[in-house]
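The form predicted on its own is given below as one chain in structure tokens.
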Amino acid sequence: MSEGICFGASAGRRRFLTAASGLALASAAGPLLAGAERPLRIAIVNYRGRTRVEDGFETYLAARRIRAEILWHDIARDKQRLPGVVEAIRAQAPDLVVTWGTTVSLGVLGPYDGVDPVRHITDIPAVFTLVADPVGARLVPAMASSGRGVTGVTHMAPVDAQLRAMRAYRPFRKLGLIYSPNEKNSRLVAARVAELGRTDGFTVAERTFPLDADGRPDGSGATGLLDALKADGVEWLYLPPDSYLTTLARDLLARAAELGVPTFASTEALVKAGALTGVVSRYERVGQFTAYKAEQILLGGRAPASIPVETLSRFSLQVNLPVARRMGLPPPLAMFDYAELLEPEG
């Protein structure tokens, strides 16, 4: 079994699983849904270029024979571009907006209690994706409904479940974190880890990337931050959902392996970059679930506020076997029954 942590599926997730399970058949079987006279126009706003989330989104649309023109917008990790993106989307007048990550989603859609019609999209339905904590980020007041023209998909397993998986692999008393202080996702997760440390009896050592004059993180000294955590005696390095961290994770994780510090990832991209293990949602499935919610709005006639914000019902416990061998830290035998054991591709 590759998906070691699962939660009960809601009715919405069950309907998605039913639709997604027929993707291959749908691709070969002809239209499942009546097509519009013109392709639907969907604006997608990325933080750091195309990811496998977008691959999954387009795969779902193609398999369901949903004709769509994708209008791509990439801020290239520079949130100062967001006002220009909002203006460009207004000029394009798409049928739907899809936003990737917390920074982009807040910049394009605004917090639910601070929407500014001048700065934010308010008159086009929207679906956000890959947001770790939509309520904590104030994108929505509750998962059941946004109360506005927005719904979305979150991707992260509960932090306490992640820490249980970490302990099952190797117990710890001191946990290290590295993250970007300008990313709300990261701050929220770091705060939750610290809260659990106080209740569960472990200590947390944090290091954050310094910010430059424009408020952007500077990762030039990232390995130095890791060396400092090693000197502090951390027994694991926990990697929160952090878009900037992901861009330099490969070198950072290679250094962690050299130092003998095991690493636990909260996202699939970080496991792929070289983390030892992690409890993650597969990005392609997140993208497919996002497209399912888009389908509900565009072809099902659902108001976004009537569609709950959800995550996938299953998460994968992934173990990076080459890293485990290099560090001399094989997973416990029990994990072989349910973990997804990753070997080099090809």
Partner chain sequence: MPGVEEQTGKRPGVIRLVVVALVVCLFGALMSTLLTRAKLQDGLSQIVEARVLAAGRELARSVERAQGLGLNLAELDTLPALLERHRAVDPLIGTIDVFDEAGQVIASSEPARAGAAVPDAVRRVAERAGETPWSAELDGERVAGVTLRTGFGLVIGHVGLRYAEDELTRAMDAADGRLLPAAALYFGLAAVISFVAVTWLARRERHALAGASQWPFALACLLPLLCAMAAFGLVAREAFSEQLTPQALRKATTLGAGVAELVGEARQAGFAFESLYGVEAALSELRARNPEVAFAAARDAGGQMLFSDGQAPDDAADTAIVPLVDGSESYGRLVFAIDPAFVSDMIGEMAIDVAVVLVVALVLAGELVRHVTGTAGGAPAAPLMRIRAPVFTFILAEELTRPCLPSYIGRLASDGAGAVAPLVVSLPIALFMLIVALGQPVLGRWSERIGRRRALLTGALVGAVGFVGSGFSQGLYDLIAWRAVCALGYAVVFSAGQGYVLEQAGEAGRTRGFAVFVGAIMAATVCGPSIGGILADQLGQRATFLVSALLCIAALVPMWGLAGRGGAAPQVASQREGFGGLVRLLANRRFAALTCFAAIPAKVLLIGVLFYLVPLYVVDLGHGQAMAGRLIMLYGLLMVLLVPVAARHGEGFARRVALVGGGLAASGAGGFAVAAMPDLAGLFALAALLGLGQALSISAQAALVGELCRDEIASHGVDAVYGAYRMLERLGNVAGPLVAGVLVASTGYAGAFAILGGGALACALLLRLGLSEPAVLPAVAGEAGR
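Bear in mind the structure is a predicted one, so any value in this text is a computation, not a measurement. Residue numbers count along the first chain shown, from 1.
There is also a form predicted together with its partner chain; it is not shown, and the following applies to it.
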{"property": "Listed range touching its partner chain, judged in the predicted bound form by heavy atoms within 4.5 Å, from 298-306, 43-51, 317-325, 66-74", "result": "317-325"}
{"property": "4.5 Å heavy atom contact, residue 277 and its partner chain in the predicted bound form", "result": "no"}
{"property": "Non-hydrogen atom contact residue 117 with its partner chain in the predicted bound form at 4.5 angstroms", "result": "no"}
{"property": "Non-hydrogen atom contact residue 221 with its partner chain in the predicted bound form at 4.5 angstroms", "result": "no"}
{"property": "Contact of residue 233 with its partner chain in the predicted bound form (heavy atom, 4.5 Å)", "result": "no"}
{"property": "Site test, 292, 313 and 333 vs its partner chain in the predicted bound form, non-hydrogen atom cutoff 4.5 Å", "result": "yes"}
{"property": "Heavy atom within 4.5 Å of its partner chain in the predicted bound form - the one residue of 170, 174, 216, 192 that qualifies", "result": "170"}
{"property": "Contacts with its partner chain in the predicted bound form, stretch 280-306 (heavy atom within 4.5 Å)", "result": "282, 284, 285, 288, 289, 292"}
{"property": "Direction of the Cα shift between residue 337 and residue 284 in the predicted bound form, where the change is 3 Å or more", "result": "closer"}
{"property": "Pairwise C-alpha change, residue 272 versus residue 55, in the predicted bound form against this form - closer or farther, 3 angstroms or more", "result": "farther"}
